[in-house]
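Quick heads-up: it's one chain on its own, the form predicted on its own, in structure tokens.
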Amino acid sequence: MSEIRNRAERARSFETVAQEYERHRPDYPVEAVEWAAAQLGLEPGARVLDVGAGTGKLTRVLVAAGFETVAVEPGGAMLDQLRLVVPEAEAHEAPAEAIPLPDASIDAAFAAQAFHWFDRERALPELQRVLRPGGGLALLWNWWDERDPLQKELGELVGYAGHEPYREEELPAAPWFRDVGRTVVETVMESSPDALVGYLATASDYLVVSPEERERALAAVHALASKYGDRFAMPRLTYVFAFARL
């Protein structure tokens, strides 16, 4: 029970930094959405769902791709940011475990940087319910690239070294979904010590600790990143998974 409470606390911690999340979190590469759409057989005009949508980092890419997009997000502060930056999307305040949409009303569902927070025993049948027969699900995670020297050092400092953003055994499977493909999209963004600290300040591990502990940890991140200069290239990996509805 304590693990469930801890996961719930961390999942909702982003609501306290919604504006900072919108400012510092990276968007998702267009190539990742294009790959997922091809795997799921989506054409422009398809009705898609962004569940656990946050401030709309993926929502805006789905809208730009020509999809009729519905965003569902449980955090009111996060949803306020989404409505500001992606007014074209239909938006609902709700969790993945209780999606306020009719049965078989969506061609595909997407979840970006969110699936690991879901109660999968409840969310997977709910996602299957709102999907039309023949529909599919795409999961995306932006993640670190430890081939980059800075990120290799950072991983050891922060604790993500050698880890993936997902757990293989927790990915969607029968009786709800089957795996139809996976890929990794590589991109490069420009960053800085301040930008890296701003990004990590929106991570749940930093949001649920004391202010003093957070300040010490982020100061160590800034000192490490400063060794690489005022500006530096930041390679990034975006993991993308596609699943078909069973």
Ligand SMILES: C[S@@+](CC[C@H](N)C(=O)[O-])C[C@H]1O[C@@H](n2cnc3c(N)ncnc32)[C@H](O)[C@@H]1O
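Don't overthink the numbering: it's just position in the shown sequence, from 1. The structure displayed is predicted, hence computed values, not measured ones.
One more form of this protein, predicted together with this ligand, exists but is not displayed; see below.
- With respect to this ligand in the model of the complex, the three residues E146, L154 and L196 uniformly fall beyond 4.5 angstroms at the level of their nearest heavy atom.
- From the list 71 to 79, 154 to 162, 126 to 134, 84 to 92, the contact stretch for this ligand in the model of the complex under a 4.5 Å heavy atom rule is 71 to 79.
- At a distance threshold of 4.5 angstroms between non-hydrogen atoms, F118 is in contact with this ligand in the model of the complex.
- Among residues of the shown chain, A53 is one whose heavy atoms approach this ligand to within 4.5 Å in the model of the complex.
- Not displayed here, this ligand is approached by Y28 to within 4.5 Å at the level of heavy atoms in the model of the complex.
- For L101, no non-hydrogen atom is located within 4.5 Å of this ligand in the model of the complex, even though that partner is not displayed.
- For the partner-free chain shown, A96, E97, A112, Q113, A114, W117, F118 of 96 to 122 come within 4.5 angstroms of this ligand in the model of the complex, judged by any non-hydrogen atom.
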